[in-house]
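Presented below, as structure tokens, is a lone chain in the form predicted alone.
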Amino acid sequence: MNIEQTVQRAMHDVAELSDCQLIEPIKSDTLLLQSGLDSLGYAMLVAQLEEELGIDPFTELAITVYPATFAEFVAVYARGLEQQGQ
């Protein structure tokens, strides 16, 4: 499973847990604010991904602008994994 698939699966898991409805399909240009997850959902997503991947790129990387799209969100994780040598 690649990082994009991992993030999408985690988004679905969090949506189910938090009783949110994700838009379908989630594409690269899907705006995070329109995905269906609220701010609590994204906090849960970041926590879940940290547990699964062992990284929290938002605290470990010098990210100055929060990603706006799904592709940008995935790229942050890809960059974090790359810096950890995974």
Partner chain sequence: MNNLVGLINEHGANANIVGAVETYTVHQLMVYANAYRQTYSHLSKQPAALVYTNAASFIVGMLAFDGYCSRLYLCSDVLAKDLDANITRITIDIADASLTKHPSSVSVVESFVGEDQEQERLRGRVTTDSQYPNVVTQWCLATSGTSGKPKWFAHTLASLTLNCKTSPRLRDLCWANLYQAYRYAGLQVLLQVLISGATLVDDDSDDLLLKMQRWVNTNVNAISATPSMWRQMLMSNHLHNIPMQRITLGGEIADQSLLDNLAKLHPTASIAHIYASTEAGVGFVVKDKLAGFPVSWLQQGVSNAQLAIDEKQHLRIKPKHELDAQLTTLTDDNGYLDTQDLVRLEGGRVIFLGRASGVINVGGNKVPPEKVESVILLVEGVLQAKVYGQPNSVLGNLVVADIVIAPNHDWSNLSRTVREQCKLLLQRFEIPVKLRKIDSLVMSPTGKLNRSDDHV
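Residue numbers count along the first chain shown, from 1. Keep in mind the model is a prediction, meaning the values are calculated, not measured.
Omitted from view is the form predicted in complex with the partner chain, to which the following refers.
Peer 1: Contact between Ile23 and the partner chain in the predicted complex at 4.5 Å, heavy atoms?
Peer 2: Output for Ile23 is no: heavy atoms all beyond 4.5 Å of the partner chain.
Peer 1: So in the predicted complex, does any heavy atom of Leu53 sit within 4.5 Å of the partner chain?
Peer 2: No, Leu53 is distant from the partner.
Peer 1: Taking heavy atoms only, is Ser28 within 4.5 angstroms of the partner chain in the predicted complex?
Peer 2: No, Ser28 stays farther than 4.5 Å from the partner chain in the predicted complex.
Peer 1: Contact check in the predicted complex: Gln34, Asp38 and Phe58 versus the partner chain, with a cutoff of 4.5 Å between any heavy atoms. Do all three pass?
Peer 2: Checked in the predicted complex: all three residues contact the partner chain.
Peer 1: Can you name the residues of 5 to 31 that have a heavy atom within 4.5 Å of the partner chain in the predicted complex?
Peer 2: If the 4.5 Å heavy-atom criterion is applied to the partner chain in the predicted complex, 5 to 31 yields Glu16, Leu17, Ser18, Asp19, Cys20, Leu31.
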